[in-house]
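Quick setup: one chain, the form predicted alone, written in structure tokens, and binding and motion questions come after.
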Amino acid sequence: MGTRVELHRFGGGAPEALAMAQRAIELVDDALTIHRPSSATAMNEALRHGRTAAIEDPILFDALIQIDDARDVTAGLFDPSVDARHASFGWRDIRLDRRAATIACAAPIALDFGGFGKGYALDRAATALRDAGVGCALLSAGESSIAVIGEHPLGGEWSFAIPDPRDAGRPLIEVALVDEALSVSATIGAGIAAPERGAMLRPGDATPIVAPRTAVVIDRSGALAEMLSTALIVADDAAARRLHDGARRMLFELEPDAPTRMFV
């Protein structure tokens, strides 16, 4: 995942709980990374050459199913295959055979699990902690993916302030979590330096998203929160409103020296 991961347990659970959670994250990284030999790189090698890839790694296969299942929820706007160099096709062209555990595509393609991997890893780490009897914990991957187990150690909700990228000393919004996950995506910062990243392109027409935006999503699933925050970043106005679900999915337009415009 190439990011700092923090696990904080606040009492309760088996002594080896944190080690189990750390191992869960390492297994996700080993399965989904595309920066060293892995199950994902082997799959991509087959897809790039137009071959059907057999998915033997259960973590990679589960991740592919979660992405496939989220297509309707994200209105097709989360696409791990979108790349400016191959913008004419994407996940919609993928054929995922769940019974045979294979994946294929009519055109050369490769997948990059990016931020999804962070949320997915925290989900599996949180499950490991709960299975070990932990009832209160805070998990963070790069500070843009956060998950909490139970209530705050002092009781009640966990409070988080999302900083305004235009002024780090000013909160953009404050949110509260209990047994939930939080994802923050933005076009400001690293995204500007890598405009060809799939997360900054709108699936379908590969429109680059250059407006200063921040999306904040809270969900029970960290993986789904990551997919929805990416979808909101690349959504047009109409699609952003369709993705709205109460106050838990938010998109901010952050033009310099202008009032914050919030879509949902």
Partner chain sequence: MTEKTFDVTRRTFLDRVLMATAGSVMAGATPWAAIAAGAETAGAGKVRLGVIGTGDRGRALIQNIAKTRNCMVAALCDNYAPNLGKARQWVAAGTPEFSDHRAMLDARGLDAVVIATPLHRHAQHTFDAMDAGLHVWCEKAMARTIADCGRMVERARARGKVLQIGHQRMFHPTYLNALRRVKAGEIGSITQIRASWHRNNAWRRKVPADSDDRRINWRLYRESSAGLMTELATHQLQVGNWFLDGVPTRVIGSGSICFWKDGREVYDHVALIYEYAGGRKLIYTSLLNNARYGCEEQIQGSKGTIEPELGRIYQEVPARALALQRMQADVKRGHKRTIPIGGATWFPELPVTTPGESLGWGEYDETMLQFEGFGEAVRSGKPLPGLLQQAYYASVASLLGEQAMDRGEAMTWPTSLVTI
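Note that the structure is predicted; figures quoted are calculated from it, not measured. Residue numbers count along the first chain shown, from 1.
Quick note: we don't show the form predicted in complex with its partner chain, though the next part is all about it.
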property	result
T127, heavy atom within 4.5 angstroms of its partner chain in the predicted complex	no
Proximity of I162 to its partner chain in the predicted complex, heavy atoms at 4.5 Å	yes
Non-hydrogen atom contact G156 with its partner chain in the predicted complex at 4.5 angstroms	yes
4.5 angstroms heavy atom contact with its partner chain in the predicted complex for L111	no
Contact assignment for its partner chain in the predicted complex, among I103, I149, I146, L77, heavy atom within 4.5 Å	I146
Contact segment among 90-98, 127-135, 162-170, 103-111, judged by heavy atoms lying within 4.5 Å of its partner chain in the predicted complex	162-170
Partner contacts in the predicted complex for 4-33 (non-hydrogen atom within 4.5 angstroms of its partner chain)	R4, E6, H8, F10
